[in-house]
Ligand SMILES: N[C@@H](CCC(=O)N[C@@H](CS)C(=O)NCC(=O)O)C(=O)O
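Here we start with a single chain on its own, the form predicted on its own, put down as structure tokens.
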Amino acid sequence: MLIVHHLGISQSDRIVWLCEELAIQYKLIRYSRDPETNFAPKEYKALHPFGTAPVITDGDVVLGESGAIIEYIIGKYGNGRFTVSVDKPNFADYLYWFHFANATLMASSMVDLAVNGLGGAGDNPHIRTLCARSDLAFDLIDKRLSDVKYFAGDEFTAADIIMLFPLTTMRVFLKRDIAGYPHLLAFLQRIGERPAYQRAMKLADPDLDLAPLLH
């Protein structure tokens, strides 16, 4: 049976959301963060050699990494739903934004998080250049969403599912004012109205106030 191991307020909320969108059978196991470190508890770290969220188990399969898990679930249980086929003109757009989420946006956010924890970039030009990538990413996102409703085009896809965490839940850890991104805000409002997203977040993080993260 497909089991989603969800670490509270983490990237694994994407996987719960995907399962709700697909309306497939799965078991959800929730884990609370270690109260001292705010990282995953030892029982979560024991699930996978890398020890970070998300993780799924499916029979003998133990799989980490958001993108890999999303592709696995869609391929095995979703009949290819929420993907874009290679013959479609927006296939490249789908691929780009699907991979942009963790390869660029999450990577730049983690740099910002580390720099903030160390007291800021200071006068180091290399660190300032790295930190500027987040601003560039958000500018690019807002520009994209000024042209289309969803990241791959006019239809909702897995690219939207994987992109959402760094735009919303990540802001619990890394504060960012998005008031200057009207097209991103409109996108977040559309996502927030999706019944499957609402169900998923109530299951995954029932105590998390979504309102400030969707505005």
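Residues carry their position along the shown sequence, with the first being 1. Note that the structure is a prediction, hence the values are computed from the model and not measured.
Beyond what is shown, the protein has a form predicted in complex with the ligand; the following relates to that form.
The single contact residue among Arg33, Arg176, Arg30, Lys149, judged by any heavy atom lying within 4.5 Å of the ligand in the predicted complex, is Arg33.
Interface residue among Lys45, Arg190, His183, Arg171, judged by heavy atoms within 4.5 Å of the ligand in the predicted complex: Lys45. Only one segment in the set 6-14, 20-28, 190-198, 203-211 has any non-hydrogen atom within 4.5 angstroms of the ligand in the predicted complex, and it is 6-14. In the predicted complex, the ligand sits within 4.5 Å of a heavy atom belonging to Pro54.
None of the heavy atoms of Ser108 is located within 4.5 Å of the ligand in the predicted complex. Residue contact with the ligand in the predicted complex: Ser134 places no heavy atom within 4.5 Å of it.
At the 4.5 Å threshold, heavy atoms of Thr157 stay clear of the ligand in the predicted complex, well away from it. Interface residues of 70-99, taken as those with a heavy atom within 4.5 Å of the ligand in the predicted complex (partner not displayed), are absent.
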